[in-house]
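For this one, two forms of the same chain are given in structure tokens, first as structure 1 and then as structure 2.
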Structure 1
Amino acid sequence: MISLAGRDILHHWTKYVFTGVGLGLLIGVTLSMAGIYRGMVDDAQVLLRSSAADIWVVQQETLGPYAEPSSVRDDAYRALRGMPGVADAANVTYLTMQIRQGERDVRVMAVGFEPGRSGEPPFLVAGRGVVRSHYEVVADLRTGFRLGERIRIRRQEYEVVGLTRRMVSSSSDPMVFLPLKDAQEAQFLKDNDAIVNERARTAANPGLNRPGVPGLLDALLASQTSSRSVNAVLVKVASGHDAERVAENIRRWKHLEAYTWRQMEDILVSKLIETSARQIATFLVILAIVSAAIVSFIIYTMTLGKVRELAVLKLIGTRNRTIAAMILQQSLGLGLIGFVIGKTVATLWAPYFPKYVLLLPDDAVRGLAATMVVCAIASLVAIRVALKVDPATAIGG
């Protein structure tokens, strides 16, 4: 059987190959967009795994520390530890902030934790964990911080004593872990000017600065310079207990919101990255349409350039099914070349994206199947033109 695709590749191989390269770049962008979405989902799950919690206890009527601001008194964990089914409870704070390193600003999520409890970094790739109660941090490798380096967070300097890998927030910001008290001070305490102004307002209030009550004003001022809030309490459920039932008891008796692992995963994946997922899906549809248009145009153009050859085939009695199959092969070959190039370039440039790009083998298989389907659809116009070629064209010119 005459291979029309083979003949075109031999006689017009430069046009065919360069078209495959262009299509491959489009497919590479498509695979990268899918990889970015997979990376966002993986980042959200990494954040949950690094917390090592079964239940997140947060402020009532909020979605928790990752999706909404949440403030819980830091003594709430004591009451939670006494509840049935609770094995442990630990305070934790989360704060997205900028840290100055030399001439650049590093955007990080600062996590305040209690050593030895939920919320601490689960593993280290270098250095040691935080052992002092103040001014030590463990940082993710993506921050660019080095062991022994001193960094400034708010008004204090901290020493980097340990490094982790793939500890990121749902926004892909690398994490910095520091002692809970330091994190509370960094997040909730006001700056010096605000404290001075607040003290002046308190002293000017006759109800709070009573002449006949000595020590009242000093006690109020002292309470303004300390923080007693955290963003969440991480709860570990005791063996043999159902996390959903424990969470329900916390909601009922402690007047706090409690989310299980599945519920928090749903908040992170379905709510936080929902808009981004829609944008990526829109781009994927646009790229698929553009790819189909390019393949359709190229195959259509190449078919028009072979009108005389097609007429000769018809004149010698070649069946329409054979002609259609040859054009379809040509289109699928173009798609196969494009997919190989697209998968290669997506793998090569993925590490250089600012976002984490996770390329899964299953997505590659789906991408190959989608490419073949798009190329098959794109060849329909060219097949229709080829089947309408008049055999007399081979004689009349």
Structure 2
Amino acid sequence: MISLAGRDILHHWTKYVFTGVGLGLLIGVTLSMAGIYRGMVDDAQVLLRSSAADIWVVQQETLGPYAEPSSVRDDAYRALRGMPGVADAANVTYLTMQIRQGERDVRVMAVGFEPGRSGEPPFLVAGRGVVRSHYEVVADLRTGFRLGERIRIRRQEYEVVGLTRRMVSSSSDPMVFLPLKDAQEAQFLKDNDAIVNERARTAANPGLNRPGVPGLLDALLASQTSSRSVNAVLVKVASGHDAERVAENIRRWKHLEAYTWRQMEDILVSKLIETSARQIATFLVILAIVSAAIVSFIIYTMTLGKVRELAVLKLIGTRNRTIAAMILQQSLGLGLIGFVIGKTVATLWAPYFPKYVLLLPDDAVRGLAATMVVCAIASLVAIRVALKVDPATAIGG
């Protein structure tokens, strides 16, 4: 049995392959788009995974620390640690900021953490973790910082001692991990000018700068420059305790907001990136429709180009099923080539996207199935045309 489809493809193989490549690029874009969406969701979840917490304790009535600003006194963790079901509680701060590196500004999320506690980077690709309680950072590879490089954050210089990977905020800013006390200073301590102005303002207040009460002004000025807040407390729940119960307990007795993993995931994924995710999803649907349309057009025009041959086939008595199978096979083949090329290019160009592109194997399988179905459906129009070809066309004009 001669494969009609194979024969035909062999005859015009360049045209066929190039069409496949074109289709492949389109499928590559579609897969990348899906990857971008997956990447966004993953970016949001990376924050949760890297925190390694069961409960996030934040300021009352806020959605902090990722979706809203939150400020908690940094001794709150002591009270939390004494609560039933709490295995560990650690302070963390988050601050999105720009760090200057030579000529360029790097936008990063500075995470203040206590070494050895929740909130530290879970793995490193190079170097070591932060061991000094000051002036050392672990940076994400995407920041472009090198080991041993000295970077400046606000008023201090820090040494990059370790590098990690895929540690980003929900808006894809790479993270820089620094010791908690430094991060508190960076976040809450004002710059020198502001401090000087604030001092002058306080000194000008006759109620605060009283004659006859030596030391009052000094004490006030000293209290203004202390930074004793954090953005959240990460709580680990002891085994055998229900996180929701523990969170409820914290909400009730400590007058702080507590979110479990599930609630925080909900905030990050469905609230924070909802609009952008919907945007991407809309694009994805449009791209899928466009791809389907293009596949059907290609198959259709390819079939129209073979009207004479089809008429000859009909004339020599080829059955309709054989002709339909030929067009279907060619269509599916085109889809297969397109998919392989698409998947390949998507994999190759994914690392060069500014945002993280996560290509899941499941998505690839789903993409393959969708491509095949779309190709099959797209061939229907062409099959219908092919079956309607009048055998007389072979002889006539």
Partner chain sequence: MNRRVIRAVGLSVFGLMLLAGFVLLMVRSGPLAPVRVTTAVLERGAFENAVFGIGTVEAERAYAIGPTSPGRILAVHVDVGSEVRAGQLLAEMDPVELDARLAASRAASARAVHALESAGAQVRDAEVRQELAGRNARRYASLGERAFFSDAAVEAKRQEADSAGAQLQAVRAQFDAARMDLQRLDAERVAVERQRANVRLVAPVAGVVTARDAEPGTTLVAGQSVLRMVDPASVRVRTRIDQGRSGGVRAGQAASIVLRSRPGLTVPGKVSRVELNGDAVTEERIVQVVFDEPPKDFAFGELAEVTIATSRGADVLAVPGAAVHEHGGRRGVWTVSDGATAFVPVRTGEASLDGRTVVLEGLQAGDRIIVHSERELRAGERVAVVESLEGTRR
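Please note that residue numbering is based on structure 1, beginning with 1 at the start of its sequence. Basically, rigid core = biggest C-alpha set you can superpose within 1.5 Å across the two forms. Source: prediction; values computed, not measured.
Q) Which structure would you label as the form predicted alone, 1 or 2? A) The form predicted alone is the one given as structure 1; the other form is structure 2.
Q: Indicate whether Arg104 shows a C-alpha shift of 2 Å or more between structure 1 and structure 2, with the rigid core used for the fit.
A: After core superposition, the C-alpha of Arg104 moves less than 2 Å between structure 1 and structure 2.
Q: Look at Ser51 and decide if its Cα position differs by 2 Å or more between structure 1 and structure 2 after superposing on the rigid core.
A: False for Ser51: its C-alpha shift is below 2 Å.
Q) Core-aligned, does Tyr66 move its Cα 2 Å or more between structure 1 and structure 2? A) No; Tyr66 is a residue whose C-alpha shifts by less than 2 Å between structure 1 and structure 2 when the cores are overlaid.
Q. Quick one: CA shift at Arg319 between structure 1 and structure 2, core fit, Å?
A. With the cores aligned, its C-alpha sits 8.8 Å away.
Q | Inter-form CA displacement between structure 1 and structure 2 at Ala204 - rigid core frame, Å | A | It moves 2.7 Å at the C-alpha.
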